[in-house]
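In what follows, one protein chain appears twice in different forms, each by itself as structure tokens: structure 1 and structure 2.
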Structure 1
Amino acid sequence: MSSRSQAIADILTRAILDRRLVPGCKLGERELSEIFNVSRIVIRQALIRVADDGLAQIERNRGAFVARPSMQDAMEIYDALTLVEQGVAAQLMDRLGPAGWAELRQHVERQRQAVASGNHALADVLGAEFHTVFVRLSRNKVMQEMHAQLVRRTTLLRALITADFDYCNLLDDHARLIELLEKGRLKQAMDMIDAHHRQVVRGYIMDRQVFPELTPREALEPYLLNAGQTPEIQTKNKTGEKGRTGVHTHVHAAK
């Protein structure tokens, strides 16, 4: 197993992507160290990792906060995502074998079945996963990691916008993309990817107020099930928190 700071960074990442830790939420070292029952140093290392991934930002002498990407950031992220997926599409058109196309079609089919059976949660996951599978078929780990990071950041964006529609569930887009690529119509496929993402960005309204839904402790509790072996700490916290538990703004105010 890797280091504990990596494990904690993974949990924080999950919590952010699950929108349990919302953009602007303060990630205090002491608070997190008490939650995970580790020292502040491990937390710092975890925060460095999360910040390097673009999901948090560290301000000197102020602390770490869940990232609040701007509209400009959103456009840049989607532009980059478009670029990567278009490039992968071009590569796959040349290099992908029958087994690969079959896997893609099978994935879409599974999602179709999920939609048909009313399992919207699964359909959502499969819809988002399509892009990941798509890139994985390029058999390029470097590109996979780059793409995955971009996807994580788009997922974070979805905490800041009013999502009118589930863009990932556009089954038709995915199915048509496969069809176009197999027929060698690269230009049309790339335009579709571009339109796909442009449509999403156009729907963005980023002035939505983000307010604290959960405290970090509440947000992170579900991820600690396996490692929770110190109720003593929790009681200690309850008794030791004194008066500062009252009103706690967990949202980083815009400057």
Structure 2
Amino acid sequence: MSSRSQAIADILTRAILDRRLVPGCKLGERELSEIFNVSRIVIRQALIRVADDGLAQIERNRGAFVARPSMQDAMEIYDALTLVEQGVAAQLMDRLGPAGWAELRQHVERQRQAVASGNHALADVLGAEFHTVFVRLSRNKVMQEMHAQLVRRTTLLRALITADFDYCNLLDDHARLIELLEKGRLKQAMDMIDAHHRQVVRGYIMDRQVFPELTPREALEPYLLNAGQTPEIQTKNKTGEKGRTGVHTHVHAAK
């Protein structure tokens, strides 16, 4: 893959994870080649990379679309996360020193403060970050890469409508996991990781649709501007004027 294709793949990934390109949105090669001022071959390479990460689907004779995960997809993603984190748990129980356990406990405390203050948005972010910190402490780069790819796919799930999570229970799971591993109770820790992820996946509501309010041009414009694109390849809206760069609300729940 060329460096240009990789850069475009990175921008598309950011736009999907930021929920500007929503599930089901068409990623047309011709339109994207005009937006980025590159050949369709370069765009095709970028789309293949995004599809490899599970964030897009390429359909024969139809083109590429932002992935629209099903409940089965969600279950499989979290099953894979469970297996990765269970493997990490087995490593950390024997290898992690006092500083590592302290870092995990500090992270849990930050999440506890967010829950206590009613800041569920921050608690949600910190809850997800706990798992990233947990895997990072294994110092296993392959496991980290696998975990990061799966986490990107869970972010796409969050572009759909989600039910309210029980933040207190999820937080208690994190604290309990640390306690179990420090005491050498690996089997109980592994069972907890499995139950924890099953609780999370039950929070997703997968039977509603989301609809984009932004065209691909509008959705991608902020990333082009931030990347320092030259004026002639900055995106334009349908009237020929430069598109807005502000944040847009772009997801509706079908009721």
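For clarity, a rigid core is taken as the largest C-alpha set superposing within 1.5 Å between two forms. By convention here, residues take numbers in order along the sequence of structure 1, the first being 1. In this text the structure is predicted, and so the values were computed from the model without any measurement.
- Here the chain coming from the form predicted together with another copy of the chain is structure 1, while structure 2 comes from the other form.
- A movement of the C-alpha atom of E109 reaching 2 angstroms or beyond is seen between structure 1 and structure 2 when the two forms are aligned on their rigid core.
- Superposed on the core, the two forms differ at N119: its CA moves 2 Å or more between structure 1 and structure 2.
- Superposition on the rigid core between structure 1 and structure 2 places the CA atom of L177 2 Å or more away from its counterpart.
- Relative to the superposed rigid core, A99 shifts its CA by 3.6 Å between structure 1 and structure 2.
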